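Given as structure tokens, the chain that follows is alone and in the form predicted alone.
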Amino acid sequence: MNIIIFGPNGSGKGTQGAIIKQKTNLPHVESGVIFRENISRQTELGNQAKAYIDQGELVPDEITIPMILDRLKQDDCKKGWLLDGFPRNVAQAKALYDALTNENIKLDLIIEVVLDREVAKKRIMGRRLCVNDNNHPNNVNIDPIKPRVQEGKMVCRVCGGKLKKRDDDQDEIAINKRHGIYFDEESGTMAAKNILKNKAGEGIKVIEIDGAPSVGEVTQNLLNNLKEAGCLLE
């Protein structure tokens, strides 16, 4: 099964994606992880991507698309994948659809985690990343997932690991730029979602989940919808 999950930064889609991975055994292909891996290895594409990310800008398609398509062709994706963070604009959606069509790969499901823009921004600015696992939810602005305090320092509420901030999480201007791209229904991510939905036709399933409740509630709603759609094994 091939799935794409959408949601604005701060919606918790990464956390929900990790749960889907656990339930389906599909590889969780995250564009952000691919970028960070290329940046950490200082590949040519990684160095180019870093310059844009540091400015809160969207990485250009000529850098992003080769990274993503190469990942989807790797062996662990042959039986299906969960793509997170891509496509982010109309051009990427069209390029992805054309590439999948050329490889005779069908997109089976689109998941969208829906969240108000201002709520999402507040969540981003309170987000803290666990050095052991980025999918451990920690947020100083959300009571149910506030970090633990240990010896006077905040640590991961799940594993007790050290926490860090992403510089761009504290940059309100950069956040507004990212959300501006996501919520753009003319050429941004929402437009990309609609293009894929329309191109895939009647055979594709679409699930919309309210991202406002607690992490546990969102997860349960998502799992219920996946079961109803016949996309989840017991």
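Keep in mind it's a predicted model, so treat the numbers as computed, not measured. From 1 onward, residues are counted along the sequence shown. Think of the rigid core as the biggest set of C-alphas that the two forms share within 1.5 Å after superposition.
Below: the form predicted in complex with adenosine monophosphate, not depicted.
Practice item. Given that the partner is absent here, state which listed stretch (191 to 199, 161 to 169, 40 to 48, 205 to 213) has heavy atoms within 4.5 Å of adenosine monophosphate in the model of the complex. Key: Answer to the contact question: 161 to 169.
Check your understanding: So in the model of the complex, does any heavy atom of V59 sit within 4.5 Å of adenosine monophosphate?
Key -> Taking the distances in the model of the complex, the answer for V59 is yes, it comes within 4.5 Å of adenosine monophosphate.
**Study point:** adenosine monophosphate contact in the model of the complex: N139, any heavy atom under 4.5 Å
**Key:** Outside the cut-off, so no.
Check your understanding: Contact between I53 and adenosine monophosphate in the model of the complex at 4.5 Å, heavy atoms?
Key -> Yes, I53 sits close enough to adenosine monophosphate in the model of the complex that at least one of its heavy atoms falls within 4.5 Å.
Check your understanding: So in the model of the complex, does G32 come within 4.5 Å of adenosine monophosphate, heavy atom to heavy atom?
Key -> Answer yes; at least one heavy atom of G32 falls within 4.5 Å of adenosine monophosphate in the model of the complex.
**Study point:** Within 68 to 92, the residues that have a heavy atom no more than 4.5 Å from adenosine monophosphate in the model of the complex
**Key:** The stretch touches the partner through G85, F86, R88, Q92.
Exercise for review: Please check if G46 moves between the shown form and the other one, taking a CA shift of 2 Å or more relative to the superposed core as movement.
Suggested key: Indeed, G46 is displaced by 2 Å or more.
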